[in-house]
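So this first bit is one chain, no partners, the form predicted on its own, shown in structure tokens.
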Amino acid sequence: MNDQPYDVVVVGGGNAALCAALSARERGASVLVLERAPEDKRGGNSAFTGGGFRIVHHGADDIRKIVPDLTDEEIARTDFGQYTAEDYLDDLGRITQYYVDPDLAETIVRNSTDTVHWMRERGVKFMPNYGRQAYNVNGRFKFFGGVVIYANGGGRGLIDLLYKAADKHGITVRCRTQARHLVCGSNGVDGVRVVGNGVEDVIRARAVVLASGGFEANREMRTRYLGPGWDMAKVRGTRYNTGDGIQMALDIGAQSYGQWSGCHSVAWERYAPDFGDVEHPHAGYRHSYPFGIMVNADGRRFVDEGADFRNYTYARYGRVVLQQPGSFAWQIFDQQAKPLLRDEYKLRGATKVTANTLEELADRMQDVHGRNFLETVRQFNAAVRRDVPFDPNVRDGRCTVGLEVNKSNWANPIEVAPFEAYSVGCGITFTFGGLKIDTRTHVLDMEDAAIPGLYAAGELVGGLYYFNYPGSTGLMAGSVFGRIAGREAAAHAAR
């Protein structure tokens, strides 16, 4: 047992955990980070992300402060738009059907821009998210969906830079160490019981920050809380997020919170491995569906592919795919859409068929009802409002009319050969249920009282997302609450 306590022990090794560690350290605390994964797989789900951050901004001047390398030419050909605090709050409310905890939402929004500047001062470099969040139309880029910046190098680049900062500031990191239980004393939480390399140990701490992710990599918990069939979902990210931090807190009386039956899940490569590959974290993405159609095994469309920007629909469409016969679907594109397909469609490993006729395509999609599929495409093509111009940068209103499931935007007929089809299943990213915290990240008990010495940040925080998720909010929320948790934990340790 380590009898000389650290001021702050952080359980977890992703973005939220490292922001907490850096924040505590800058306030003079001695900090230990416990990362369950080996060093080459450290970083939790953060390492698997695209690195996007959803922030409040008011145009090019604000973005240039975050990305000072932007050239005058880039600014001249880019419409960054603006994303106000009101826009952000509206999106968080609308996307979650207004179940989001309003105080937590306000905390994320009001701290978003300042937190990104704080991260930049600690070595994280940000870039404008051309391509994924802005298309080139007539020589000009227009950003959509509220996400303008991402960490250079994506999620893996973000994690590498945060660990570099942790090392620079004297933060101790212990990999291959799984936290199992919280240790409580007369003043609240004062340690963590861990297992590292098969050896049990107790690490004393004056404060503990939990930032070890949700339970998406735990098949049993997925099935228990999300429901039947979720044991079959692929895990997009790390295999180490098995709900340990949540369970540790519940065991000492913490209050569960949020939508425990909900999760972030996407259309994902149907035959992907059971867990993500941090070396190729985006290989399974299939997120260009707004520019084509999706059909199930019966050959029928089952979802409005153009209901909104991808950022606002992708995190709930995985569940919809899982609910289809056989828990799979096919995404169909023609040559009009091909230039808009994201890069992951070009990577090796995609389950893909191509054909010069729709009849041939139907034959090659061997697990789809061919006659129904051809009828679906015929009806879809006839229903497209061809008089409305197509524009991928806005909700263009180019829709279908008269179908049982209409497409609201970006409806192009499937008619220009060769045709392509990609098979998708469900990939789960993270779970929505977790722990209840206040705006200072104290973990709360069943009576809404703070558990002394215990704080939480990241994906194990409940109350943020219900039914759906606005893209690039996860890293932002993790950074905001991680920074607050580190500050609060250091202050508690000092007392």
Ligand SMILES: Cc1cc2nc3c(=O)[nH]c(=O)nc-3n(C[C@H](O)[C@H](O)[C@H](O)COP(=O)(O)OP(=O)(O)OC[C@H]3O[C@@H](n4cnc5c(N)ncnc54)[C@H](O)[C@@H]3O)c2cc1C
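As the structure is a prediction and not an experimental result, all values here were calculated from the model. We number the residues from 1 along the sequence you see.
Omitted from view is the form predicted together with this ligand, to which the following refers.
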item: Option from 118-126, 230-238, 297-305, 201-209 whose residues, in the model of the complex, bring a heavy atom within 4.5 Å of this ligand; value: 230-238
item: Gly262: touches this ligand in the model of the complex, heavy atom cutoff 4.5 angstroms; value: no
item: Partner proximity in the model of the complex: Ser46 to this ligand, non-hydrogen atom cutoff 4.5 Å; value: yes
item: Contact of Val480 with this ligand in the model of the complex (heavy atom, 4.5 Å); value: no
item: Gly191, heavy atom within 4.5 angstroms of this ligand in the model of the complex; value: no
item: Answer option from Pro290, Gly81, Pro281, Pro392, heavy atom within 4.5 Å of this ligand in the model of the complex; value: Pro281
item: Sequence-ordered list of residues in 34-62 near this ligand in the model of the complex, where near means a heavy atom within 4.5 Å; value: Leu34, Glu35, Arg36, Ala37, Gly43, Gly44, Asn45, Ser46, Phe48, Thr49, Gly50, Gly51, Gly52
